[in-house]
Ligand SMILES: Cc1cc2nc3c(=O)[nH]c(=O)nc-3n(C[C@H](O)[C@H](O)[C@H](O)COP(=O)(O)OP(=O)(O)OC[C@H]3O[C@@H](n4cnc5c(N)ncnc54)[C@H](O)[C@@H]3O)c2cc1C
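Form predicted alone, single chain, as structure tokens, below.
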Amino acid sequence: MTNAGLKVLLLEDGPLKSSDSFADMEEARAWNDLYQESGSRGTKDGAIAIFQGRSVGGTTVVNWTSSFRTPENTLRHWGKQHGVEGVDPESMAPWFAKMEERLNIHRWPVPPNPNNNALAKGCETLGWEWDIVPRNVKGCWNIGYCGQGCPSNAKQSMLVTTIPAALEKGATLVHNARVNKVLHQGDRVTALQVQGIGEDNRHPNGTLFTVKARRYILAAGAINSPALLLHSDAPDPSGLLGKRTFVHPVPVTIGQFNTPIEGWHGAPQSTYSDEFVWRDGVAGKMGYKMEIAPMHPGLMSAALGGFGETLFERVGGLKNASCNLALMRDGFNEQNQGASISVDNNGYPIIDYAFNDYVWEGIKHALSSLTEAQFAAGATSVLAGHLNAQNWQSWAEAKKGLDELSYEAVKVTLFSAHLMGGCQLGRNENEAVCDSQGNLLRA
């Protein structure tokens, strides 16, 4: 927009942080400074922990740099099933190429660290497909603390790319500024009601102001965008606002090896497997992408489960541990409608994810694949992310154990860092919230 000569004002709920802020590479600091609700955001039943960025640059500041093109099967599904126009593979290809060049996205040329290499080795042993992750980095030091913010500015996040480019062209940035309501008359936006956020980066400081503009673009993500519109009583002729919010639920397994892994060093994600992404076609049983999680103690203490001496012992084994994860491909089957977003009296989002047998079958299948891959890579034991799981000593023992576990909310450890939907795209106001260009549909 600045390239077109428009005067642009950027309003950001979170703080402005930079590479100097990230130099300590501390998890505790990062959770508080850079994540929604200090990393404690989750579904209302506590079943899925949601890691979503909240600072200038958003989640791109804390993601692990994996940068995949949207799969062609997904693009075609959106067009065929939901009437989204202009997202076919042929139309999207030049846009993907443009952003890959701008953000320096390329296959990671450095050998995978032992954590990621374990997934590659397991897949090779089993004859499963695997490949190298494309990453949006430039001059990466291979430190491995991407989730805490990049201290070398190698990660080509919006913090160091598009936002500075906009500011150089005259845009104005106001951070610690929470848009509390979109004021409107009918279907016409008249102003934004904004409240200042204090030095703790969380609570309002008492400052209130109003912003008026010719055009308004809401870019608060798949949770906060529908939440703000709901809190503002925005027109919703389809009744779908906040519905069909998808999160790629992530189950995990943790394998112990005889050799040091030290998965907190090196690119956090550099290998992946799409062996099971389309395991039953596009709209069949829930498929999943297999990747790796870094082994930082704060993150892993949540994944390991247990408490007291049990948790202490498990954290003590992180040096020789590797963590497999699966990104569950939700939203392609009518049995899986994802989450619905509502708001409390203060406008904070309430996330309600709908679990059923369809979802649990996919998660169980994923835990099985993750476990099998770790034993195939040479793990001496594997612990599935489940409240009642124990360390299994063999694949045969694990298969029996997986069948005996109960699959229900909270018992299975689930995370999410991919948030999608909430303002569904489509052709008309009866079936979608926005048109294919992201404009709110009118009755």
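For clarity, every value in this text was computed on a predicted model and none was experimentally measured. Note that residue numbering begins at 1 and tracks the sequence as displayed.
Below: the form predicted in complex with the named molecule, not depicted.
With the partner omitted here, the residue from Phe375, Tyr35, Trp392, Phe415 that has a non-hydrogen atom within 4.5 angstroms of the named molecule in the model of the complex is Tyr35. Only one of Leu240, Leu75, Ala177, Ile261 lies close to the named molecule in the model of the complex, with a heavy atom inside 4.5 Å, and it is Ala177. Annotated contact segment (heavy atom within 4.5 Å of the named molecule in the model of the complex): 219 to 227, selected among 280 to 288, 363 to 371, 219 to 227, 93 to 101. In the model of the complex, the named molecule sits within 4.5 Å of a heavy atom of Asp13. Gly58 belongs to the set of residues with a heavy atom inside 4.5 Å of the named molecule in the model of the complex. Heavy atoms of Gln269 reach within 4.5 Å of the named molecule in the model of the complex, making it an interface residue. Ser381 falls outside the set of residues with a heavy atom inside 4.5 Å of the named molecule in the model of the complex. Contact with the named molecule in the model of the complex holds for all three of Phe51, Arg54 and Asn63, each having a heavy atom within 4.5 Å.
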